[in-house]
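So this one's two forms of a single chain, laid out as structure tokens and tagged structure 1 and structure 2.
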Structure 1
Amino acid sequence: MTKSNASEANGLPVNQILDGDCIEVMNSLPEGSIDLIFADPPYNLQLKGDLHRPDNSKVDAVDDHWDQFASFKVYDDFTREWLKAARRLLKPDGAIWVIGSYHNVFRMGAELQNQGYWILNDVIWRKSNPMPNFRGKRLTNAHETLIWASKSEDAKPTFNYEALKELNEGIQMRSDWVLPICNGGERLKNGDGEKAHPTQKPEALLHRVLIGTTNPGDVVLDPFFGTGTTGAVAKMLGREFIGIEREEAYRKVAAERLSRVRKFDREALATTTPKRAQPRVPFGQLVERGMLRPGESLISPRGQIAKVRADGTLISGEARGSIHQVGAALESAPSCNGWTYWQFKRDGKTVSIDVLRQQIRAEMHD
């Protein structure tokens, strides 16, 4: 049974947009059934009066009824209830992402901890093209904050470290992300040519979240679905999604958007896995299989020579031991990755011994 079919068999309405109040709908879904939740709740911006640009044109700000709360207490009660419903849905190793502005993210962060979630990171999404502060009374609001939290302190949530590293040109992904706001052709419009949703998130943001913290086939829930960015990216990346949205206009736009999305092929969905998750290959196996012969020379980056011994150890002068130990001794270093350190000669060319390890791993996979 595929993961998608398994989800359907467990009563999950995968790849659907559900109509209704997010708390009521979440409480109707099976407990412990969701891998990841991405939540972009109302920010409770507390806007007072219209906002105008220097040319006196009106700014299309967030003044919709769904962002109106009578008091901080009302908002906090709402936050407590939906986070409680969300935590019930998460699998034991599940996780949640919430996003907000200075108006609400600190209140959400406190409630996450109150309920037993375990905060893993806060991420600053720095907007490369933020809206200016037209009144000139405050700093330009150039970022939003995301909080990534597991269901509990003991949970082991998905984290595709190597995949995020590759997205960042081989450098460890940091907790400050510079991405543009949603604009241009990605910005959805309604029938009147106006923004379909005032706070539509860019697909690049969700792509990074889902690549980093889910795997193909995982079920991702968005309780504030809006125009469906989470669902669109989940579908492209081979994840299952469930969207909850009470506003009919947003559901209509999201459904039309999702109908145009095609899932990437299986090969394109594969992501770089951590080396520790790959099968372990002892260096001695290369000797056993004749890929390297006893007495053959290995060469260090500085041209030092070590001889391969029949038991899979090396000897170089007074240094002897594993490929890692001898490399560390020659470099006077506390440790050394022998697989990337040592090379050998074949047909006049210098080749890393790691090529031979990858060859064995490929055979094991086949």
Structure 2
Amino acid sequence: MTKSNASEANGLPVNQILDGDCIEVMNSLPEGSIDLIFADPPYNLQLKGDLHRPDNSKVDAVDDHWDQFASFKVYDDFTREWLKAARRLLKPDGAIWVIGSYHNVFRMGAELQNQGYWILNDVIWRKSNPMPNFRGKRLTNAHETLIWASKSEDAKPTFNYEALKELNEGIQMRSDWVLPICNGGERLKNGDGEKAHPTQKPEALLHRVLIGTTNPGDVVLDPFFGTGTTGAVAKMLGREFIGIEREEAYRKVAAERLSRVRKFDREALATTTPKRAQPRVPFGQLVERGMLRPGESLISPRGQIAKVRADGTLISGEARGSIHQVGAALESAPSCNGWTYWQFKRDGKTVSIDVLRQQIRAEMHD
């Protein structure tokens, strides 16, 4: 194992690049310990003879006379085993991202579903500068597909909705992401000036994945580490990473790369707080604290009146109950957010009751 920055957290070898077959190494790590897995597995079986069975025996069918069905079988066996090992490692609310092209992504997607993973979204990385199709026999292959899945249907995976919305300038993030391919200064070269890895992923892609589906301190595993883009972005963003890579040349490039990466400071890593994370304020507290008086009138958007009662419930005609229940009753709606629905009068002006909730929350920060 390469342990230049060796450290341990909860028995996990975090911030290291582990040497070996990804399935074996994953099976050696403790069950239910990983928050997120990002996997960019190989699929170019014809050109790369580096695919091995779980028992490490060499696969002949791949570089032998090309037999589509035999090779799909081999690829499916490989996919099944590493996805199984990955699922064992995930915490119950953990999640996985896989990336691929039409050569392999359908097989990965089907196997994810077969194993009980629950697909949350498929995401299209739309390349702003793809390689053209020179022979004019196909469409320009201008995208790759990612699949984001939780460990099971009833899991509660991390999703930083607000942070992604901010990244997209206030509009909810879509399932198609326009990002350039990795080239220029970001593209790692070996000593001969050749690209160090054929499929190095752009850091921007991992930035979006990690901002959106992990929190600072989370442990992110990449079983096909390559040049370590996942590790580099994880380190910048204050996440822990574990990389697995069997090729020494890639481990070396990745380790050197990681040594140059610096973590962003804490303030920069803070992202927009979701409203759901803010402390709950019972409406009754406004009455207890005298911000609203029992008997005082609240006004609906359509001018209907409800009276505040001493226990923090409302009464309006036949309807009585919480601010939400009475609002829903007046609107004949299945639900209603009473905080944004009701207003009251102060000094001749009409004010939302949510202003009072914000006052209480502001005090709680002191």
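As the structure is a prediction and not an experimental result, all values here were calculated from the model. Take the two forms, superpose them, and find the largest set of C-alpha atoms that agree within 1.5 Å; that set is the rigid core. Residue positions are counted from 1 along structure 1's sequence.
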Open item on the list: If I had to pick the form predicted together with another copy of the chain out of these two, would it be 1 or 2?
Closed with: 2
TODO: Please say whether, between the two structures, the C-alpha of W148 moves by 2 Å or more once the core is aligned.
DONE: no
Open item on the list: Checking P216 here: with the core superposed, does its CA move 2 Å or more between the two structures?
Closed with: no
Task: Cα displacement of M26 between the two structures reaching 2 Å, rigid core superposed - done: no
Open item on the list: Can you give me the Cα shift for W339 between the two structures? Core-superposed, in angstrom, one decimal please.
Closed with: 7.6
